[in-house]
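First, one chain by itself: the form predicted alone, in structure tokens.
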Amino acid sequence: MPKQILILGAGYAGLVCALETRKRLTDDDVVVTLVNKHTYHQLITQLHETAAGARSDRSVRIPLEKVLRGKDVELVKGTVQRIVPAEKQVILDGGRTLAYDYLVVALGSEAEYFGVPGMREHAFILKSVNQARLIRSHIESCFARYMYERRSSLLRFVVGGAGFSGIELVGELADALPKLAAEAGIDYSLVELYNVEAMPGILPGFDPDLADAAQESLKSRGVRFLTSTPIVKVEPGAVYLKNDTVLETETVVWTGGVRGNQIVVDAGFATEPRGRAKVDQYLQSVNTRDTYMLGDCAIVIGENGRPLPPTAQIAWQMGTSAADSLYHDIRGGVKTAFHPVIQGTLASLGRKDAVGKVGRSMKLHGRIASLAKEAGNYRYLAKIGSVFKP
């Protein structure tokens, strides 16, 4: 009897794991089932472009039917409600139950609000295509409403968090807001774009000179940075900062942190305090050996002793590594420990600017860095065999 491999989530890690598992194992070996709440794969790393109106939402959705065509992977549309490891079952919405011999959990992360009052209720987050569409339509409505209401809060935009996601969104907004103002007939000097960060600087993990270059590029386009300034409360129409500043605004986008998926915690898998699953060197749950944890829902410690960042390139490398381990689970042999190859870390700063590293030491900024980042997007699309162009 073929073994049942159940993969939860068709993000970067889950989708690659499904495709790579099928390359290694035959129908006689396994049945591969991929569960996802949408019928499409989301290019999460490009959502900031959609949120700012630089890219259509259709262009960051890849139909799973096309990617999986001819790959002999069963796609199940559904939302995971519970995982029951003791019974080797997953419960979906509507009560449907799926059984497994091996489970791959790649359900992604959830926003971490750090207990800030009102943040969950009144701030936008950017973790899905639909949320990106909502942000874009809201920003456009702010310009339209200003022509009738003349409230300055409509033209004040606040992005909380100066990590990777926050800075990439700020970069896109710095390019997009002048165009939106011009289209609405509004003097751009009335528009304010803030990036608020609790830490002393932006882009943690980047070399200081690259972070400085990014900050100067964004400042030159009108971005106002408030670093070492935690947000302490969010209310409708206002953001309260620890330095007693109050920013009156209708738009707060929170990108300041992530935590593991609550479904993983509730299932009883071993997790660290922020809910990310603890895994061994093969990405298996440390307390449930038939389960692999991939992507943002797992914590993996790098060679420097710090957790690996939640990036797409690491996620899809995890998917490949798990597929290789599943092969050895089924066929026997010696597994290989997961060792990511960091081929570059690049943060876009808008349409024609970026900063980062390629390899371990080559630093790039400006247009060439932007082109390198775009090349990385195409490389991933080639990995999943998609002819889709971002």
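Source: prediction; values computed, not measured. Start at 1 and count along the sequence shown; that's the residue number.
The next section is about a form of this same protein that is not shown, the form predicted in complex with ligand NAD.
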Looking at Val158, Ala162, Met318, Leu154, which has any heavy atom no more than 4.5 Å from ligand NAD in the model of the complex?
-> Ala162
Just give me the single entry in Pro204, Gly237, Pro85, Pro178 that has a non-hydrogen atom within 4.5 angstroms of ligand NAD in the model of the complex.
-> Pro204
Can you check 112-120, 93-101, 210-218, 70-78 and let me know which stretch has heavy atoms within 4.5 Å of ligand NAD in the model of the complex?
-> 112-120
Gln262, heavy atom within 4.5 angstroms of ligand NAD in the model of the complex | no
Examine Met199 and determine whether its closest non-hydrogen atom to ligand NAD in the model of the complex is within 4.5 angstroms.
-> yes
Could you tell me if Pro230 has a non-hydrogen atom within 4.5 Å of ligand NAD in the model of the complex?
-> yes
Non-hydrogen atom contact Lys373 with ligand NAD in the model of the complex at 4.5 angstroms = yes
At a 4.5 angstroms cut-off on non-hydrogen atoms, which residues of 289-323 are near ligand NAD in the model of the complex? List them in order.
-> Pro309, Pro310, Thr311
